[in-house]
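Only one chain is given next, in structure tokens, and it is the form predicted on its own.
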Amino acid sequence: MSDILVIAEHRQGELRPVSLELIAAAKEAGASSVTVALIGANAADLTGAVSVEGVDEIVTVPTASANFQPDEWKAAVEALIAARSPSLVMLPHSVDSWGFAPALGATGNYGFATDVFGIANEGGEWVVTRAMYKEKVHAEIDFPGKSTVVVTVRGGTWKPAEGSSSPAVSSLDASATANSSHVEFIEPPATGDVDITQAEFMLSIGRGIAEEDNVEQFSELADAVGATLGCSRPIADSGWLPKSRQVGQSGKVVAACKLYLALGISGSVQHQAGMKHVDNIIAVNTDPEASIFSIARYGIVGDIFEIADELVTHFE
């Protein structure tokens, strides 16, 4: 019997980094065994990508559709649960999972929780931690009487699993349980923008830049120091930078970031949800009481324009 079942996520033939984060979370939770499921028409091609430390077995589940289809994935996970009886099923807290995870939990009558960022096993029962009331409260949730628990896990919380392993590889035929899909896949248009979730050095700007005309100054600064330019929600909502550059609860989690420079950002809980996991946060703000300083390793109470000018001069 598999103790923890991890549902890997992939797009356009590439494994999503959050899949490796889930493996690390499963390993940290003290699972007796970790099985990773690869669902999709060509998912078997990714077995090497998930053969990392902590993985005991890989199960491939072929589907008729080459692209993600929520109906097919729901049926595949249901078949996996029926065949393996895992005590915990972990999915990324992502757009794909949102398409079928709630229905999976409801129809299977499993224990269910979303946006989980803490997982523990207490006396043989799973207890998870998630935020409530807009991140103002952290709640621990248990699942009395549930032999299987399904959770979606927040990305950027665990460091991705590394190393290599030689797990057993098997296949499961779930075609008999899949319903015909009512979803039409439309190729998304190319944006030409960067994926900030993979940036290791972020320079983000907030309300403190005051005017749209000032964005260019900080864009040039980001180029000068070798950082990827990001922003808080007010900047994206104003259209000063694309939504794809927004860091936070309604934006993106900068999962790979190692150094985060926050300029003129107050540090709301919504913004912190996208970057508070970063080990090295440097904050610059004129307000000494700004919330961003509570999570920053280094803080400067000062003018972001003066700091920007000094940095550009130094790196010229």
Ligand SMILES: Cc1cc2nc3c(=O)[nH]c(=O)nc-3n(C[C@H](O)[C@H](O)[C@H](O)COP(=O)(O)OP(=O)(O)OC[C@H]3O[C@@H](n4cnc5c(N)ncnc54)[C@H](O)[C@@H]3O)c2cc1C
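Every value quoted in this text rests on a predicted model; they were computed, and no experiment measured them. The term rigid core refers to the most C-alpha atoms you can superpose between the two forms while keeping them within 1.5 Å. Sequential numbering from 1, following the sequence displayed.
Same protein, other form: the form predicted together with this ligand, not shown, and the subject of what follows.
Q: Quick one: does residue 207 come within 4.5 Å of this ligand in the predicted bound form, counting heavy atoms only?
A: Yes, residue 207 lies within 4.5 Å of this ligand in the predicted bound form.
Q: Is residue 281 part of the interface with this ligand in the predicted bound form - any heavy atom within 4.5 Å?
A: So residue 281 does not count as contacting this ligand.
Q: Using heavy atoms and a 4.5 Å limit, would one call residue 13 a contact residue for this ligand in the predicted bound form?
A: Answer no; every heavy atom of residue 13 is more than 4.5 Å from this ligand in the predicted bound form.
Q: Is residue 74 part of the interface with this ligand in the predicted bound form - any heavy atom within 4.5 Å?
A: No, residue 74 sits far enough from this ligand in the predicted bound form that none of its heavy atoms falls within 4.5 Å.
Q: Go through 108-116, 149-157, 194-202, 207-215 and give me the stretch that gets within 4.5 Å of this ligand in the predicted bound form, heavy atoms only.
A: The contacting stretch here is 207-215.
Q: Within 230-258, which residues come within 4.5 Å of this ligand in the predicted bound form, counting heavy atoms only?
A: Heavy-atom contacts within 4.5 Å come from 232, 233, 234, 246, 247, 248, 249, 250, 251.
Q: Once you line up the core, how about residue 288: does its CA shift reach 2 Å between this form and the one not shown?
A: Where the cores coincide, residue 288 still shows a C-alpha shift between this form and the one not shown that is 2 Å or more.
Q: Is the shift of residue 211 between this form and the one not shown large enough to count as movement, that is, does its C-alpha move by 2 Å or more after the core is superposed?
A: Yes, because once the rigid core is superposed, the C-alpha of residue 211 moves 2 Å or more between this form and the one not shown.
Q: Rigid core aligned, does the Cα position of residue 272 differ by 2 Å or more between this form and the one not shown?
A: Yes.
Q: Closer or farther: how do the Cα atoms of residue 247 and residue 113 compare in the predicted bound form relative to this form, given a change of at least 3 Å?
A: Farther is correct, given that in the predicted bound form the C-alpha spacing of residue 247 to residue 113 is increased by at least 3 Å.
Q: Kindly indicate if, in the predicted bound form, the C-alpha atoms of residue 270 and residue 155 are closer or farther apart than in the structure shown, bearing in mind the change is 3 Å or more.
A: Note: Cα gap between residue 270 and residue 155 shrinks in the predicted bound form.
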